[in-house]
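This document opens with one chain alone, in structure tokens, the form predicted on its own.
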């Protein structure tokens, strides 16, 4: 179970974000909607363990991971959390396949080249495994970013504005792809976005 309670955050001690409580069972999906300036990216970075809340509780399967020492938190995040950023992050001078393998290495997961290739095939990039990130279209880069996030079989998949720059067709494809990948490993899926087009694809949503 993933849950947060009374999460607050402040960058300067004056302007404070107060976030709604969430509670997700294994395999459950959540869409978090909000306009610019309400702290969407801040909230998802807190859920990912990239930012520490000023107050409140953040827990996954009984572990209050926001209180872990830095090294243990890095290990926890590497094992359990996959993140899809608004702008995909790749090492640009190596292939997409090598980016996935590097992610496994850095997160201290076992290198599994076969799974990495199969995953790229699942997201429609089997013919691009040796291509470098800059050789991919915007939609292809976003699909590669999903593969990068889920290659380590995370228990929690977090996506920050994954469809904001995509047309309607690719928006639906990317959302479906995230849902399929989460369902394949029974992972939690949280998408945080201002994109109202996604609302019809989720049973559970909240607005910041």
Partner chain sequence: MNISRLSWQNLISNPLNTTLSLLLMTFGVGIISLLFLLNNQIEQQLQANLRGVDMVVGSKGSPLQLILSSIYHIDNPTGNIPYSEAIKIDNNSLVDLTVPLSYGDSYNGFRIVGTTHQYPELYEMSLKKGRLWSRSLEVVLGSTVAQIHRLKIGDTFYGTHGLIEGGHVHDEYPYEVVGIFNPSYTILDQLILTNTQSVWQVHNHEVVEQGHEHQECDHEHHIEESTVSGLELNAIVPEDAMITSLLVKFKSPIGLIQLPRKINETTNLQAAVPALEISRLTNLLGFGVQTINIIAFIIIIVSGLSIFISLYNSLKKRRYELALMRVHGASKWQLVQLVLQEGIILSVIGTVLGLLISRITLLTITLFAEHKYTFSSFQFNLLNEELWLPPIALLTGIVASIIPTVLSYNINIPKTLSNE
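Residue numbers count along the first chain shown, from 1. Since the structure is predicted, the reported quantities are computational estimates derived from the model, not experimental observations.
Unshown form predicted in complex with its partner chain; subsequent notes refer to it.
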Item checked: Residue stretch of 22 to 30, 41 to 49, 173 to 181, 58 to 66 approaching its partner chain in the model of the complex, non-hydrogen atom distance within 4.5 Å -> 41 to 49
Note to self: Quick check on residue 126: any heavy atom within 4.5 Å of its partner chain in the model of the complex?
What the structure shows: no
Check: residue 98: heavy atom within 4.5 Å of its partner chain in the model of the complex?
Finding: yes
Checklist line | Distance check, residue 152 to its partner chain in the model of the complex, heavy atom within 4.5 Å | finding: yes
Next item on the list: Using the partner position in the model of the complex, report whether residue 130 sits within 4.5 Å of its partner chain, counting heavy atoms only.
Entry: no
Next item on the list: Note which of 112, 118, 74, 135 lies within 4.5 Å of its partner chain in the model of the complex, where distance is taken over heavy atoms; exactly one does.
Entry: 74
Check: Thinking of 6, 10 and 17 as the candidate spot, does its partner chain come within 4.5 Å of a heavy atom on all of them in the model of the complex?
Finding: no
Next item on the list: Scan 79 to 109 and note down the residues that get a heavy atom within 4.5 Å of its partner chain in the model of the complex; none is a fine answer too.
Entry: 83, 85, 87, 89, 90, 91, 92, 93, 94, 98, 101, 102, 103, 105, 106, 107
